[in-house]
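There is one chain below, alone, in structure tokens, taken in the form predicted on its own.
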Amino acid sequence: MFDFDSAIVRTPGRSVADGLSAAGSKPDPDRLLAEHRAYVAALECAGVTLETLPPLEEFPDSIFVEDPAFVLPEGAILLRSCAPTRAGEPAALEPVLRRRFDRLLELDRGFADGGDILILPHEILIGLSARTDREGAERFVALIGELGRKARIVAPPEGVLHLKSGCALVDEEVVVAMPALARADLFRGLRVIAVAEGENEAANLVRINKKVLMGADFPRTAERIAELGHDVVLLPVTEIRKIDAGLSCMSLRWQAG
């Protein structure tokens, strides 16, 4: 779940300023590029070998490579986005994934977004959202079964953009979540720790090997995670957050062997 030696990232283009944003905000492309470079450096410092893909100016949100695909050591799944501006992203990733994985499956009906998929110790959750519908979630569960894994469909509370916008697994026993998700009883058999008050977006973090990468704007939540014995790496995410995103969605990560 946390042991990764390989990852795919994509350099943001200038068009990233036109990425999807619920608040209508626009990031500064140069500052966002600097944030992305800091993220890439943190992945490398955590021991991950990266393949960096070039910008796709025709797809403003294509920096978020985790949304159009899902990867496991057993294989990869190309997903489908209901957002018209993102519809071509899976096809752009397909040749890269075919080169990397022996098995490549494809979501052929419904819609599912990688930001709604969370790997837990004994199962994988897929959350229903504005980007993941019931048909797509059910098809994803079937495809995961073909890869020898089990998945469960959950319904996060209203106001949660993506499942992983509001929660993350930090070790085999603990999920960190925004309060609404912490109260939702989605995480069977796991201890749930709520983020600090006013730091909901802190839950969009990612554990990479021995390090937990999270936004630098959330010091109280970072302290709670450090108290669990984790090595916390704080990264700038001010511009990334302007387009409804965080650290988990900027890479596809797996253990190649």
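Note that the structure is a prediction, hence the values are computed from the model and not measured. So that there is no doubt, residue numbering starts at 1 and follows the sequence shown.
This next part talks about the form predicted in complex with citrulline, which is not shown.
Note that among 99 to 107, 177 to 185, 154 to 162, 133 to 141, the stretch whose heavy atoms approach citrulline to within 4.5 Å in the predicted complex is 154 to 162. Checked against citrulline in the predicted complex, the residues Cys249, Val233, Val9, Val237 give one hit for a heavy atom within 4.5 Å, which is Cys249.
Among residues of the shown chain, Phe70 is not one whose heavy atoms approach citrulline to within 4.5 Å in the predicted complex. Contact annotation for Asp61: at least one heavy atom lies within 4.5 Å of citrulline in the predicted complex. At a distance threshold of 4.5 angstroms between non-hydrogen atoms, Leu20 is in contact with citrulline in the predicted complex. Within 4.5 Å of some heavy atom of citrulline in the predicted complex lies at least one heavy atom of Glu66. The partner is not shown here, but in the predicted complex the stretch 211 to 243 reaches within 4.5 angstroms of citrulline through a heavy atom at Ile243 alone.
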